[in-house]
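Given next, in C-alpha cells, is a single chain: the form predicted alone.
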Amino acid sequence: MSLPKIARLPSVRLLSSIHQQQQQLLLPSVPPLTGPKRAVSQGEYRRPGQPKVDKFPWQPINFGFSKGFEGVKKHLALLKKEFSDRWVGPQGKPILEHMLEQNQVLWEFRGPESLEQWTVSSDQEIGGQSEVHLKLGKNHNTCLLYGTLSSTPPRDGETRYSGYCTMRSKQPLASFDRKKHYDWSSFNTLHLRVRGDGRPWMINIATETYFSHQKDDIYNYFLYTRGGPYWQDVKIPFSKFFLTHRGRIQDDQHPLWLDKVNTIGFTLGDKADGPFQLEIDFVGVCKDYAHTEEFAYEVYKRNPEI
C-alpha cells in the first residue's frame, strides 16, 4: 500500500490494515476448517467403540400410502372400541362386575402373539456380553426367559459395571398412539406363578409421573425363586414396593400409584455369571382382604405438626 493512501485512512483502520498485511506475509493462506454436515447435525451421544451410523433418522421410515391407510384404519377401529367400552363400563366391563372383581389375570402366555407384548434387553446395549432370549414353553402355555449373564464390563474406558438382563412389558397405547394406563386401584397384591432356577430377581413397576425428570423412577421389590421342577405362587403386596431412581433407593418414599401403572418388568443382576432361566405362567393382581397395610416404609411429613 502506498504512503499517500495510508495517510488518508483513520487510525483504527490503519492499524488493522497493517496487521492484516503482516499476517499475510508471515502465514500462508489456510482454508477455513469445515466439518461434514452429518457430524454437525448429529447431536446424540455415541459410546466409544460403537459404529457410526451415517443415516438420517427418517431414512428407515416407510412413508408409503398403503401403510398410512392401514394405520388410519387401525386407529379408527381402536377409537370405536374405546367409545363402545365406555358405554359398557370401566375397562369394558359392567360396573357391578368391576366392583366385585377380586382377581384379574393381566398377562398369560398361550400363543406366539402373547410374546409381542413384551420386550427383552441386556447389557449388550452398553457393550456388555450378556445374552437374553424369550420364547414359549414346551406346551406353549408358559413363557421361558433364558440366557447367559456376564458381569465383564465393556472396554470402552467409561463403563465400570455391567451384567444385567431384563424383560419388560410394552407400554399400552390407545388410539392414535395415546398413552394408556393400567388401573389396579381395586387390588392390593401382585400375583405371579413362576418357576425359576434359584436366582433372585427384581420386579420393576413403572408408573406415570408428574414431571419429566421423574421418568426413571421405578418401584421395585425382590422375587426369590426356589429352583427345581416345582411351580411357586408368589403374592407380593403393593405396599412392599419401594421407590428407586436409576437403581438407587430414594430417601423420600411414597406409595405406588396404582391407577397409573405403565409397565412391569423382571431384572436379573446378581453378579453370578452363567446361564439362567425363568418360566412364567401368568402375571395378575388380586385383592387380599387380610392385608391392611398401606405402606411398609417411613414417609416424610409434608406439613409436620408443631
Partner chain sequence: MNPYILATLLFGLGLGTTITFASSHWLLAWMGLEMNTLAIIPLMAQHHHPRAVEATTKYFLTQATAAAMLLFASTTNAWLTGQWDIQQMTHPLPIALITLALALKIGLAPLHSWLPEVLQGLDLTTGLILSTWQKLAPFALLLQIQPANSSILIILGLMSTLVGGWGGLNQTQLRKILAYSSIAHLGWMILVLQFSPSLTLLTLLTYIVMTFSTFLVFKLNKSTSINMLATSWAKAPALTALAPLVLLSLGGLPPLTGFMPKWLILQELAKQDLAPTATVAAMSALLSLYFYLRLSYAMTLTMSPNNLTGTTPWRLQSSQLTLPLAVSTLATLLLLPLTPATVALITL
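Residue numbers count along the first chain shown, from 1. Because the structure is predicted, anything quoted here is derived from the model rather than measured.
What comes next is about the form predicted together with the partner chain, which does not appear here.
- With the partner removed from view, which of 203 to 211, 164 to 172, 130 to 138, 149 to 157 is the stretch that lies within 4.5 Å of the partner chain in the predicted complex, judged by heavy atom distances? The contacting stretch is 203 to 211.
- Taking heavy atoms only, is residue 252 within 4.5 angstroms of the partner chain in the predicted complex? Yes, residue 252 lies within 4.5 Å of the partner chain in the predicted complex.
- Please run the contact check for residue 117 against the partner chain in the predicted complex: heavy atoms, 4.5 angstroms, yes or no? No.
- Item | is_contact(residue 186, the partner chain) in the predicted complex, heavy atom dist at most 4.5 Å | Contact check for residue 186: yes, within 4.5 Å of the partner chain in the predicted complex.
- Task: Determine whether any heavy atom of residue 260 comes within 4.5 Å of a heavy atom of the partner chain in the predicted complex, and answer yes or no.
- Result: Flag for residue 260 set to yes.
- Message: Please tell me which of 110, 74, 179, 86 lies within 4.5 Å of the partner chain in the predicted complex, judged by heavy atoms.
- Response: Checking each option against the partner chain in the predicted complex, the one that comes within 4.5 Å is 86.
- Scan 94 to 112 and note down the residues that get a heavy atom within 4.5 Å of the partner chain in the predicted complex; none is a fine answer too. Residues within 4.5 Å: 95, 96, 98, 99, 100, 102.
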